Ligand code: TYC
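Consider the single chain below, provided in structure tokens and representing the form predicted on its own.
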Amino acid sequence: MSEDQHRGGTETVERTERKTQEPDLYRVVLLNDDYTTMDFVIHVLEEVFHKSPAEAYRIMMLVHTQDRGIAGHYPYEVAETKVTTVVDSARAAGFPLQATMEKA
């Protein structure tokens, strides 16, 4: 007989569960101004945020009529990169478009 059989099977095995926590998400918000064209905002939404033309138009209209539109929700580092990309692209094209991020 093995040693385990002598104990009568009273051995306890502990199982540990690993819980992964989802990262906090941040909203990337585009802000309205009087100089950036609607076409450029749509272009940014399609290229940087990979929105469909219809979704890009809808968000652009929110920016135009409500002074801000949410382009997407992302983990901190991704949101930060997208904000930088938007601002850099706007400056390169000669527009003052602003993007910010806020905790979702």
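Being a predicted model, the structure only gives us computed values, none of them experimental. So that there is no doubt, residue numbering starts at 1 and follows the sequence shown.
FYI, the form predicted together with the ligand isn't displayed, but the following is about it.
A heavy atom within 4.5 Å of the ligand in the model of the complex is found for one listed residue only; from H64, R58, H73, H43, this is H64. At the 4.5 Å threshold, heavy atoms of E47 stay clear of the ligand in the model of the complex, well away from it. Proximity of S52 to the ligand in the model of the complex: non-hydrogen atoms within 4.5 Å are absent; the residue sits far from the partner. Heavy atoms of V78 never reach within 4.5 Å of the ligand in the model of the complex, leaving it off the interface. At least one heavy atom of L30 is located within 4.5 Å of the ligand in the model of the complex. Applying a 4.5 Å heavy atom cutoff to the ligand in the model of the complex picks out T36, T37, M38, V41 from 35 to 53, in order along the sequence.
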